[in-house]
Ligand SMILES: CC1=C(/C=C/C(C)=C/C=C/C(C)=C/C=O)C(C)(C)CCC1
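Single chain ahead, by itself, as structure tokens, in the form predicted on its own.
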Amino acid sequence: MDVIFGRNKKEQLEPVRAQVTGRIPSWLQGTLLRNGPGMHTVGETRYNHWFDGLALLHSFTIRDGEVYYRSKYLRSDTYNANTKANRIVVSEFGTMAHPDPCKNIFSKAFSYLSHTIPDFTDNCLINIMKCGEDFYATTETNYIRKINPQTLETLEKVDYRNYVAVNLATSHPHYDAAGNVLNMGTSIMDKGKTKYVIFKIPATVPEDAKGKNPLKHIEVFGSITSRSLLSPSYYHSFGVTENYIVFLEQPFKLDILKMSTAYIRGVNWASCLAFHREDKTYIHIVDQRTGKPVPTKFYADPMVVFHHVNAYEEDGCLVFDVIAYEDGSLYQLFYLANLNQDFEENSRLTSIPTLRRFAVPLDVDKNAEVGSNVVKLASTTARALKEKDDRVYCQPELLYEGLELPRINYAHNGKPYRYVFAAEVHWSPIPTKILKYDILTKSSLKWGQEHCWPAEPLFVPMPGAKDEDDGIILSAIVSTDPQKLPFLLVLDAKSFTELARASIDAEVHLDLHGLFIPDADGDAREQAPSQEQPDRVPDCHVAPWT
């Protein structure tokens, strides 16, 4: 496991040409840009949790059937401070750092006070966000870092709080048809309230506007008051439809009082996050047109959701699909101490992620009997049972067990859809196969190979696509076999057969999320050397998997 999780990865600063076997479709021109943790030890110090590692960006530039790879650590303030000190001096969620152990007692007291409301890290290691013409590395704090997608250079640091009152924000924004960014963040104890804030970043700025930076024109168009002032829900993503926002206030909660004293107690912020099994999951539906929540109180059994898959409106109902866990044990598993020789045994202690479909009636019949199912859709067995006092208890349809990192054809985001592309994770949170799940037929197609761990599968539609699955799947594959080179996998999304793989003679890390930038958004030719330049090609030939 140390080969995958614990070992620091080297940067590949200059593009290296991969060895392609098979044939990459000629229409596929652009860059797959990815993000994830790559460094877990600094000097003699070590992060406690895999999700704490310093962000390592990497890109796969596809040009005329060839692939070029490069990687570079995000030069965040966190990275710079740590590397300068040659030890971890900036706290992450699972690792509390004490930067000045030799300070006198008065200086220490001041440090404790300054951490009461912590200034979070800018180690933006989770995802990549497109904002207008710019790209940002993102995490779940109030900071994002602008990057150059061609060179992977780190540019300016942006604090959301300069534009919108949020202390935390998701790394899974949505994009509407106009390219506007929709996102959510938590505003902790602002004006006596803790709220979940929904905001929009415009794709373009009016010509007569004073500032050309889209972030200066952020619009808050809705909010939800937290059920608890001092214990807001943790959330990693949310859902959207054409007219609504779907937010799950789950019983996986952050204790603000504990967080405020974490530094002085010498414990990490993750210890302030707890799953409350006795509580419920509250389903909030916000009308995008008015910014107002739907008044009916919807709830479900306690669960933990990291990833929403999709949502859409159908016959007076809002249908949404999520990957759900029975508890919060997944986060515990990724402490580096658990990623050891007992990993297989430890992983069986976590709940299995399941694809669940919920259906919520947007207008509940007031005359419906208490206890009756107010969902009348033929397309799902999901139920919503009416209770007293305007409450509705929602029971999901269980679609598939053992999958994570879901992606869809984004042209169907917020609309009816059929296919989920995901990593299969049976009995372990580590991906072993890539999965295509057909919601309509309840069938699946899979790709897998021994010793191969696939990253999140990303769908790229082919030009002029007619069917939802007309396109290809891209996934970066790392190997537990040191004799086997990592590679970029190219699958036909319809048949799930392998079209090509690009083997890379460089270190490739297990990443989290990212996006594909077609040449229209950024010319891949700027990111790869010309054909005249010498290429570094691996000696090892890896045959296509069938």
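Please read all numbers here as calculations on a predicted model, not as lab measurements. Sequential numbering from 1, following the sequence displayed.
Only in words, not in the display: the form predicted together with this ligand, which the text now covers.
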Inset, instruction - Using heavy atoms only and a 4.5 Å cut-off, decide whether all three of 238, 313 and 417 touch this ligand in the model of the complex. - result: no
Inset, instruction - Sort through 168, 165, 458, 81 and report the residue having a heavy atom within 4.5 Å of this ligand in the model of the complex. - result: 168
Inset, instruction - Quick one: from 233, 475, 141, 281, grab the residue that has a heavy atom within 4.5 Å of this ligand in the model of the complex. - result: 141
Legend entry - Interface stretch in the model of the complex with this ligand - options 365 to 373, 305 to 313, 220 to 228, 291 to 299, non-hydrogen atom within 4.5 Å: 305 to 313
Legend entry - in the model of the complex, residue 499 touching this ligand (heavy atom, 4.5 Å): no
Legend entry - Contact of residue 275 with this ligand in the model of the complex (heavy atom, 4.5 Å): no
Legend entry - Partner contact for residue 516 in the model of the complex: this ligand, 4.5 angstroms, heavy atom: no
Inset, instruction - May I ask you to check whether residue 181 falls inside a 4.5 Å heavy atom distance of this ligand in the model of the complex? - result: no
Inset, instruction - Within 4.5 Å of this ligand in the model of the complex, which residues of 261 to 288 have a heavy atom? Give them in sequence order, or say none. - result: 269
